[in-house]
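Shown next as structure tokens: one chain only, the form predicted on its own.
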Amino acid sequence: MAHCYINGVGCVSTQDTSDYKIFLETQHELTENIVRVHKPNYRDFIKPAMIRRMANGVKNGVVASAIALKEANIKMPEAIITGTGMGCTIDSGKFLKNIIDNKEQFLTPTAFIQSTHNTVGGQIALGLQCKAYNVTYVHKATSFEASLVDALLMINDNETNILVGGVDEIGDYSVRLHQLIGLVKNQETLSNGLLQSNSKGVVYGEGAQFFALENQKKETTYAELIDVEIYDNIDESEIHNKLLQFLKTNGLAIADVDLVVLGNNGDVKFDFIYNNLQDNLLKSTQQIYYKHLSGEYHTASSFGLWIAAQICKIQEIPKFLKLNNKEVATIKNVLLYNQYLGENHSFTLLRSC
């Protein structure tokens, strides 16, 4: 198997993360049930005439990808792979509203054209004039992981560099639908913190994270991406065994894991899945979480990977990420586990360089 290194990262999130040289020096835990990104200066990355025509998710994706490529010193990627759960949901809502308001007549196609899930990957390619492989994966909460799997296969097939990322945006219409079916927390339950909210639903967020993957290690390298595994459904009793098998496939035991990054989101209906791992199989392993900073969205695990990559590089863990008090001298093997609504389980393994 070829080596796959994370050599550049770009992150636009609910925190001030657009500067890759700074790792969460300032941070705020989310106290609202719907949180939007901390907007970067889009004019530094996108021509002003184009900004007003781009949806928020597209702008965030273009900025995050540009930052990742710049850090890795890649002018033209050999592939662009994007994961998104909801796509450009704002423009989708606009088009559907226009259909109703205009009684299905005299419709302009602009919002429809810009609402497709592959709009982000397409706009990145247009900006770079990149005519290489360009694919978007839409696999619910494993959309980003599916993109990583494709990237690993391409690196193993002798591609030298790949741009891969996860993007989702908040649309007012989609938020209302999520609220109607009880997937968004009531804001008043967040006064004591996300994991202490003791309520159903999540803090609904958005973000865009991109990673420049290469088959060669550089001065900018954060970590090596070892493996990714995805399961649509796993019986709760089988999660432990699947995790152990994933590690065994990569020549590791649970004692070899120095850090586990978990996707706890405060939903009491499903967080018990993480809690069971924390209290049993992973009880002696250093544990952190991140969705109290990013909110929950289909590709929020890409923010988790950004966190993990940063920790691999700087070898320090901010206290506000910790779930327990376990510590190790050197962080080498990092395991990420995520699930959403009891489905879309994923394991990702990083190794520090």
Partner chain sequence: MENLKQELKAKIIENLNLEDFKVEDIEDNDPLFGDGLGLDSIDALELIVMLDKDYGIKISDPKKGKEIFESIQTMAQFIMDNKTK
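Positions refer to the first chain, counted from 1. Predicted model only: the values in this text are computed from it and were never measured.
Keep in mind that the form predicted in complex with the partner chain is not shown, yet the notes after this line are about it.
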Note: the partner chain not shown here; in the predicted bound form, the stretch from 25 to 33, 46 to 54, 282 to 290, 303 to 311 having heavy atoms within 4.5 Å of it is 46 to 54
Does the 4.5 Å heavy atom contact test between P109 and the partner chain in the predicted bound form come out positive?
yes
N102: touches the partner chain in the predicted bound form, heavy atom cutoff 4.5 angstroms:
yes
Should I113 be classed as touching the partner chain in the predicted bound form when contacts are defined as heavy atoms within 4.5 Å?
yes
